[in-house]
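Given next are two forms of a protein chain, the same chain in both, each as structure tokens and marked structure 1 or structure 2.
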Structure 1
Amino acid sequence: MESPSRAHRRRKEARPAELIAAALKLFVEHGFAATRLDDVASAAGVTKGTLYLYFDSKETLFRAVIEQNILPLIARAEDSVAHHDGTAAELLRGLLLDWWSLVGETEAGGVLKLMVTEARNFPDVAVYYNEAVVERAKRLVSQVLDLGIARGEFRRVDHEMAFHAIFSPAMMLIIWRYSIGACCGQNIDPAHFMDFSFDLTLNGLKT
């Protein structure tokens, strides 16, 4: 049997992840402003004092949510781009579908809804998200576009505008899920939507 001291140590090591998971759920359900650290601690089954051992503010906790739920996925995408040996079109489609399955269809997708609704009220949080997530994703897409252009698959386009045009439909689908879709039952089939969206994107990029 596991000793009490070892079990306590293992439990202590798991607490940051438990707090982050609780924070993500509450941030998405109630919004950043309305979520109190007391609520997060209670949802994770610890005291507020215990929470402060790991996170000194709600902003720090939000950063941890991004670092645990979003940044590893970007790192995974960067690795895919670095080691891809197929066409640029296949690479771009894979990135979009991976993003949807790992972000859009999970609780992590709620972070986008959170940023849309509360960025103006918490500019420091918005700046961090833009630098840590958006700008990094832009560089990634630019690499794929450059690859496609160099191989003659894609025509030359404005990379900044292309990034927004490529990802905006998927981001809009997430917002739909957390707004009209959730309230009115007007669900859109994600698989069909993503295939349709990528078809439009690819035909717009082709030479």
Structure 2
Amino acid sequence: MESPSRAHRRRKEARPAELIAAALKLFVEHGFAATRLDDVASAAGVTKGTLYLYFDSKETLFRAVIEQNILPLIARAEDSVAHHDGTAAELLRGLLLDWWSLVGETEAGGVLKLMVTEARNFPDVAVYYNEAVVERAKRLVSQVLDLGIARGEFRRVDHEMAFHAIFSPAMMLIIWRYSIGACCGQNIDPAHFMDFSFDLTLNGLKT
């Protein structure tokens, strides 16, 4: 027996991350209000008292969950911009697939669903998310569209509209997976759907 007795070892460094991971999972599953801190703590292998050593309140924990899970996303997005080679179409596909492998296929994808469900209860967090993620992505897509139009690949389109149209399928896929899809077995094959919907959109964008 290596460590049943050591169930509660002292691991100050690891706790916050573990608590945040547990909180993300449960917040996404049940929503913020319906999630008990006792459950978050025990999912992270500690008790509620310990949770309060690291976070001031349930709300603070929520903010930490959002922040921790979008910070890497922001960082990664930035260097993805610079290296543009190939056609605008290829760049756009790369952008979308990068975003997918970063958001869609990781636990972090739940943050999107969480923001959608809790935006009205935490408007300031929603504004922060909008600026840190959505607006940034919008600017990225806008650049690619400009490039595509300049190269004669794309039609002149409303950038705002195009952005939403391009990301809608991927966002829908994520939200679906964490909500109704989780209850009704029939899940869409993500890779297949991403390919399909991107082709559809690209055809629409082409001159």
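Every residue number counts along structure 1's sequence, beginning with 1. Between two forms, the rigid core is the largest collection of C-alphas that superpose within 1.5 Å. Not measured: the values here are computed from a predicted model.
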Structure number, where the criterion is the form predicted alone: 1
Residue shift check between the two structures, rigid core fit, Pro72 Cα at least 2 Å: yes
Cα displacement of Phe32 between the two structures reaching 2 Å, rigid core superposed: yes
C-alpha of Ile20 moved at least 2 Å between the two structures on rigid core: yes
Cα displacement of Ser57 between the two structures, once the rigid core is superposed (Å): 6.1
